[in-house]
Ligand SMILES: Cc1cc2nc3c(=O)[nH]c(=O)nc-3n(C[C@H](O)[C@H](O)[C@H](O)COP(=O)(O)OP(=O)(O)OC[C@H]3O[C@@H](n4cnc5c(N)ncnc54)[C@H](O)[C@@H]3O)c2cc1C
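Coming up is one lone chain in structure tokens, specifically the form predicted on its own.
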């Protein structure tokens, strides 16, 4: 197993924001990942960093080397660090991984992972179990299981129009600029991006951050921002939208650290 000490976490978030970690572990097998969790269940586990930003951490586990995809008679098996864009068109252009994707029921363009999922192998409190789809309790950008995903079994791949999905994402999202996708969940029957735009915040800048001019529910990092800056901007957006529309926005992204 590889590991690095005194690591800047900026490169582990697609937004390029992060503090430092004392040690980052890179397991190369599910057994190594399970061993790290058994030794210290509080170690955070990340994949592509598509919906995460960091403060400082003592330790972190990165699954980027657990990226095997195997076609079997039962379906397509993916290790937790496998890139979803190698499996599904609707993930084109996003560095999301199978493990994190299941944990948040990743979705786009009318699809969700639960549409293709058969089961997931989960480490939880020292035990490894295979949970079928219904026991994972997947909803809108959420899941209802406890533990860490080791492997995922999908019914099939969906790779009919990757170029088309990537083109749509490029039209709507600020690809090429550091971002972690949608910041807030869409309230029932409403668009978080539309509410933020209505509040007059599209294009709004705070220090090294900007509410995207392409999609108001996306924040881009222009190079100098910190986790403190992002938390400040998130609070400001929530307050402004509440005052403008009476809607309380909930976060889709996660903050790890202190």
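Just so we're clear, the structure is a prediction, and the values are computed from it rather than from any experiment. Positions refer to the first chain, counted from 1.
From this point on, the text means the form predicted in complex with the ligand, which you will not see here.
When the ligand is considered in the predicted complex, only one residue from 45, 57, 209, 195 comes within 4.5 Å through any heavy atom, namely 45.
Contact with the ligand in the predicted complex, judged by any heavy atom within 4.5 Å, is made by just one of 136, 104, 117, 87: 104. Stretch-level contact analysis of 69 to 77, 90 to 98, 155 to 163, 126 to 134 against the ligand in the predicted complex, using heavy atoms and a 4.5 Å limit, identifies 90 to 98.
At least one heavy atom of residue 147 is located within 4.5 Å of the ligand in the predicted complex. When contacts are judged by a 4.5 Å heavy atom cut-off, residue 217 does not count as touching the ligand in the predicted complex. At a distance threshold of 4.5 angstroms between non-hydrogen atoms, residue 50 is in contact with the ligand in the predicted complex. Looking at residue 14, you'd find a heavy atom of it within 4.5 angstroms of the ligand in the predicted complex. Residues 169, 173 are the ones in 158 to 174 with at least one heavy atom within 4.5 Å of the ligand in the predicted complex, listed in sequence order.
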